[in-house]
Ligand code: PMV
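Single chain ahead, by itself, as structure tokens, in the form predicted on its own.
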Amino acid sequence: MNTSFHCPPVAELSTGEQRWQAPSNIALVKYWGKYGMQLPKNPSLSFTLQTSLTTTTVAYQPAKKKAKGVSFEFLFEGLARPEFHPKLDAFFDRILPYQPFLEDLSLSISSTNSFPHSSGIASSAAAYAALSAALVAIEESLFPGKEHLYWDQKRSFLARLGSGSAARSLQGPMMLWGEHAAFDGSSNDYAIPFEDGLNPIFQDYQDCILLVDKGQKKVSSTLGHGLMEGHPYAVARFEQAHRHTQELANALQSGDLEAFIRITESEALTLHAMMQTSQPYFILMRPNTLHIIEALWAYRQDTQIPLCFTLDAGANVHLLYPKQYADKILSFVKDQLLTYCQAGEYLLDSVGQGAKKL
């Protein structure tokens, strides 16, 4: 157990409220496969998004009666959602060793999204990032005096215990999560900002998210991660991810869009190849996912515009491109790609800076 983020008991607790906003993120080098308590089998690099946000308010007061575990109420979009309670219970059980004062509080948690829940935008990443930011802010008010770096790392550390990818949503614009020999300070416990001179072309990169299928995934990401245990190609995949992390970092520094496209698209297809070759095997892409990819490749060939795609563990497609091409690509989306989207829906986003207090 990591002991660096433990805090002592609290003699006296007060009443208060913390309201935080955190974005989702999109991994370029994918994390697939984990061990221990939400620790990654390979490093990942991600763009932090800007407008795909979760806003979470945590009101707290001393608990009237101390009970085992954390006492909380939870509202999502203003409605009680008891189906979320088991996951929140599990999260609080995991973080209690690092925030024991929560057991002496009664929490009222209210959360809203700026994007449709279960629309393939890693809503759990934004949700646990926002919740963890609020909880760490409560702790910071009780134990002031530590450096900013400690709180940045603790927010990411706690978020990871809710959803692995949430570790990457607390800061931006580019985050590295997972140990890698080439990056000082990299850690499996929390994500760190990529600070090796991000080329200006990537600092306002755009992400158009095409909503191919907004339904619940047939196979959860948690199950998918578990199927990497004993996977026949797992070792080669983890080696590839380490290699791609270094290669992508070089492209991000130099502004090499050709290398960026090659690595990003390879990572997306490799992620889904791992799903299709696990036991049991499964497919999360849909026919329209492939239609979009083929149309994108043809458009890039015809126009030489550096548009590429990535995929999360689902059917939806993220189109990534420099801001200078935004108008042309939006026309392409409307003319050729909306027919492949559920109800013609898409979302426009861009690279962002992470969580913030409201």
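If you're wondering where the values come from, they're calculated on a predicted model, not measured in any experiment. All residue numbers are counted from 1 along the displayed sequence.
Keep in mind the form predicted together with this ligand is missing from the figure; the text below concerns it.
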For the three residues 18, 20 and 356, verify that every one has a non-hydrogen atom within 4.5 Å of this ligand in the predicted complex; reply yes or no. no
What is the one choice in 113, 187, 171, 163 with a heavy atom within 4.5 Å of this ligand in the predicted complex? 163
Could you check which residue among 107, 249, 271, 210 gets a heavy atom within 4.5 Å of this ligand in the predicted complex? 271
Is residue 32 near this ligand? Define near as a heavy atom within 4.5 Å, in the predicted complex. yes
Taking 4.5 angstroms as the cut-off for heavy atoms, does residue 217 touch this ligand in the predicted complex? yes
Considering only heavy atoms, tell me if residue 231 and this ligand come within 4.5 Å of each other in the predicted complex. no
Is there a non-hydrogen atom of residue 286 within 4.5 angstroms of a non-hydrogen atom of this ligand in the predicted complex? no
Could you tell me which of 289 to 297, 307 to 315, 54 to 62, 320 to 328 sits within 4.5 Å of this ligand in the predicted complex, going by non-hydrogen atoms? 307 to 315
Checked 200 to 237 against this ligand in the predicted complex; residues with a heavy atom within 4.5 Å, sequence order, are 217, 221, 225
